[in-house]
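Encoded as structure tokens, the following chain is the form predicted on its own, with no partner shown.
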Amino acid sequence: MNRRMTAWVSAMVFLTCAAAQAETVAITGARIHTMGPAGTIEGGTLLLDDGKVSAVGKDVTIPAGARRIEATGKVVTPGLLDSLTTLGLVEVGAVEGSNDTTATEDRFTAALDVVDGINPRSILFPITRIEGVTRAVVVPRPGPGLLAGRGALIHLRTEGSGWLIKSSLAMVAVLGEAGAQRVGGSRAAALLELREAFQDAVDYGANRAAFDRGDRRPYALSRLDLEALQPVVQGETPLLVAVDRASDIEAALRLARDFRLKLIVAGGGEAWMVAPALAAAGVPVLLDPLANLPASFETLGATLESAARLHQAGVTVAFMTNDAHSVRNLRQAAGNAVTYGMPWDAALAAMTTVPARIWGIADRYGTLEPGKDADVVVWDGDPLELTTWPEHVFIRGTEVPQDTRQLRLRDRYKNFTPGEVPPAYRHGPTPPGATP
């Protein structure tokens, strides 16, 4: 690398670090949904300082030199969180080399850590965050076995380091029809295999020394898998089970009760049918409110009213897209849930405060209160309406640019005159000495 290029790289690193330093920002005159004890503040001011919310209310003193954003007539909310995605694991689903969602070999299952496969430079991050989604849970998809591995919680300002909020967030498993297919076609066999895995994990945890001496019976899983399952069987790390049919959810509840697991249901196409049992067990459901068509016999009871029915029954509901390319549609799904009976405040909470509690970050995120991370979105209208756009998005107090590859391509061609050569497209800054 020549000196000129080295100097350019150093300058870019410096600028990136400088840009990551959060400024002092005052958002004034807005309707602020704090999602906390202060409720909704009309014509309020939100003050962001050093990456945190420093003040919120009607009469907030704005320090000299603060950047002001006039937001009269606008709506302010916490940044949104999608509770189940494959962001950063896939770029083009049909291109094998860019798809790290699934491990197709079963040498390691529970031990797989999704963090090692996340690409923080994926172009899907800018596309997603300019739509108001500032955090996401990233999980692997199940491979040949019932256990897929461990998920992670990230924020979407991924240009530098520090985007990982929480690793080993949950252990991902699959039951129901997909689980049965992995063990020869029987749901009962899938439950038995998963029970064996947890029994082995409990035994291994109590007899590590004997295992190391070779004085223990063979286990169904590898040592690394058994190690990864220890926090699950100890009730510290949740078991996230992808399951839809009501009877399969009931089976998962029995499994969780027998092993004292912290269970989270993902999918839940028929979860509303067993809502009282879920509410009594305190088991959250990660739901896509748009999933209402019976894709198979295990989702015959799916309905657009699922979110409303679960909420009414007292079940903890958080929203998910279970995707990478359409995470930006999360708030559209929430709007549909409101259309079909879910209270507006509950739908917004299902993308903010509720996932904050589920994933153990409620002390830092989910409400606009002093001391919380400044994940903030300024909307030009109701955030659950399709025509609304986020005018400003802050992640930990730093505003992310309203810039994506798609927008650059749009600008390149929107005023294109036939016969002219369009300007060259570049995803990033032009190095010194290079042709623009």
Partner chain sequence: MTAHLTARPARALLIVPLCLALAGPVLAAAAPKATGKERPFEPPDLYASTYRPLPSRPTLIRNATVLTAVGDRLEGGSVLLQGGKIAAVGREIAPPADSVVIDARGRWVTPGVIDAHSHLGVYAAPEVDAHSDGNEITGPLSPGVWAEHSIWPQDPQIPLALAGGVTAQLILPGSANLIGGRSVTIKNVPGRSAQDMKFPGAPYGLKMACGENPKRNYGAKGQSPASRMGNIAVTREAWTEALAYRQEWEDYQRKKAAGKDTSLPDRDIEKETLLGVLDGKILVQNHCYRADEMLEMIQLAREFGYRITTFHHATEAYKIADVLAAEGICAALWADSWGFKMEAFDAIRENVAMVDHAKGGCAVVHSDSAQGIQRLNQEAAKAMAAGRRMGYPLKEEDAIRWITLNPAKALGIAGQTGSLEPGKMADVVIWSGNPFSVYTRADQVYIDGALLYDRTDPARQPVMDFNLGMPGMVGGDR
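Just so it is clear, the model here is predicted, and its values are computed rather than measured. Positions refer to the first chain, counted from 1.
Separately, the form predicted in complex with its partner chain exists; it is not shown, and the next lines address it.
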Contact of W359 with its partner chain in the predicted bound form (heavy atom, 4.5 Å)
no
Answer with yes or no whether T387 is in contact with its partner chain in the predicted bound form, where contact means some heavy atom within 4.5 Å.
yes
When the contact criterion is heavy atoms within 4.5 Å, does W272 count as touching its partner chain in the predicted bound form?
yes
Is the gap between R141 and its partner chain in the predicted bound form 4.5 Å or less for some heavy atom pair?
yes
Where does its partner chain sit in the predicted bound form: which of 255 to 263, 207 to 215, 326 to 334, 275 to 283, heavy atoms within 4.5 Å?
326 to 334
Among L164, L300, A189, L224, just one has a heavy atom within 4.5 Å of its partner chain in the predicted bound form, namely L300
Go through L112, A251, V75, A178 and name the one with a heavy atom inside 4.5 Å of its partner chain in the predicted bound form.
A178
Go through 59 to 94 residue by residue and record those having a heavy atom within 4.5 Å of its partner chain in the predicted bound form; state none if no residue qualifies.
L84, E91, V92, G93, A94
